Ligand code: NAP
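First, one chain by itself in structure tokens, the form predicted on its own.
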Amino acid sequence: MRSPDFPIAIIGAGFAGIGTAIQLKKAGILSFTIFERASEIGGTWRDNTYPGCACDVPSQVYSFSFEPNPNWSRGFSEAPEIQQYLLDCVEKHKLRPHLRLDTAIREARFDEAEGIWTLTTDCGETVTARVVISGVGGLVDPSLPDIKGIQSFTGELFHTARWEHEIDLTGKNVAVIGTGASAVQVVPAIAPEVNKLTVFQRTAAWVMPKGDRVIPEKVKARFRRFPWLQRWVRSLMFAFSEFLGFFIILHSPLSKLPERVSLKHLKQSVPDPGTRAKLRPKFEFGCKRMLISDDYWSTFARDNVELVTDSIEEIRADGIETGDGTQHPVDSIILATGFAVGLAAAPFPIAGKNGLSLNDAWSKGAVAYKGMTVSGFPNWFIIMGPNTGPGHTSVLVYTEAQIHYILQAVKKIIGDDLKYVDVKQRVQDTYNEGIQGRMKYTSWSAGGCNSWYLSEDGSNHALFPGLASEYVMRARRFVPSEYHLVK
């Protein structure tokens, strides 16, 4: 299938955008352009270069099923290796001619009469597309904390996602604010080189042992010689993560089992009972993101590492003051405060049919049919949209399912010479009512914690309330009758 007169815009050149481009090209659809605001591809793995940065999903699962890599060096790949994997995918599939780097999309508007999207770039240029596939991702823009006096700090202050590599932390007094997925990696990595490391914790998190290992050369050789063996290992790992899903997703007594595993890990890692008590979570396992690390908790047994659980009152010119009045003098502050996920808003102004704003359509919460299409926004497809995040396994399982679904839709539009497809409002509403109805049975809603998963009203528009295999089955087929098909 060739479509020289059917322009497709892909926004974002991370895993979602690159994976979509590969599959479009395999299908013979070559009229696509990938718009990337940065000067290189990679998304999360391009931007996060802090010490210790690695994936918390096994390498064999955190890669495209259609592009296996038999040469992963570790069980859990480090960031540079994942970035190189994506770069290799781009070169192998000759995607460079389709890339427009340093080009951010600032606005999108749909012309219903023509069935065309007009995209405006950051330099004022306008481009048109018949189909837009948004793969902007959620782990892109750092979330900066609103702490009194943060602008007055005269030392070095930066976010983990914007690591200042020219700054040498050796021998300095360093503060890390935050104890989430980035902190559990960066804290053990920098602790041996700094004079003193003070970690400010607002909420303790459940941490499971990682069990990371170097993959022996003989195993890599077998994967190269017998590709089926690597596929088998990947399938086993995915099946195990699906099994764990029952313990993580559901609000049930099942959560007690991983809690016991985590508490055993805590006891083995931290000898001091007082420190252990501070690090022990007070909510149900799974309610917040599960963290994995072999050396995070044990870092707090070091003489030069201090855990502070009192709230931060103010950042001063030379340090941090906590609510109990204690002054913590520091030379450098590292913000491990996560990302502005932006689940409640469009990434930029998007106007669909009749000028309807996506922000207005999402005024009561971000919703989409199967997380991919929104009624009133024809031919606009979202990868990893509302309620498609995993709480227990690789995000790429969901991403690949969505790419497969979107490719079917694009083939339908081209094959039947349609102007556009637009999901029916009734179909979208019924689907999302079912999704939200299941949330009350999940640990995220009933586990006794507040997390970035939840909106201000307590609803969850981030995660899928089921196993990845269920989502894959739901997204396996594009059903034309669920859409308005307009010629």
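Being a predicted model, the structure only gives us computed values, none of them experimental. Don't overthink the numbering: it's just position in the shown sequence, from 1.
We do not show the form predicted in complex with the ligand, though everything after this point is about it.
task: Just give me the single entry in His328, Lys288, His265, Lys370 that has a non-hydrogen atom within 4.5 angstroms of the ligand in the predicted complex.
output: Selected residue: Lys288.
field: The unique member of Ala54, Ile34, Met439, Val61 whose heavy atoms fall within 4.5 Å of the ligand in the predicted complex
entry: By the 4.5 Å criterion, the partner-contacting residue is Ala54.
message: The chain here is shown without the ligand. Which stretch in 201-209, 100-108, 406-414, 227-235 comes within 4.5 angstroms of it in the predicted complex, by heavy atom distance?
response: Among the listed stretches, the partner-contacting one is 201-209.
field: the ligand in the predicted complex reached by all of Pro145, Ala181 and Trp452, non-hydrogen atom within 4.5 Å
entry: Every residue of the candidate spot has a heavy atom within 4.5 Å of the ligand in the predicted complex.
message: If we define contact as a non-hydrogen atom of the residue within 4.5 angstroms of the partner, is Phe339 a contact of the ligand in the predicted complex?
response: Phe339: contacts the ligand in the predicted complex.
message: How about Gln185 - does it come within 4.5 Å of the ligand in the predicted complex, if we only consider non-hydrogen atoms?
response: Gln185: yes, in contact with the ligand in the predicted complex.
- prompt: Wondering, does Met384 line up within 4.5 Å of the ligand in the predicted complex on heavy atoms?
  reply: It does not: once the ligand is placed as it appears in the predicted complex, Met384 has no heavy atom within 4.5 Å of it.
- prompt: Any chance Ile177 has a heavy atom within 4.5 Å of the ligand in the predicted complex?
  reply: Ile177: yes, in contact with the ligand in the predicted complex.
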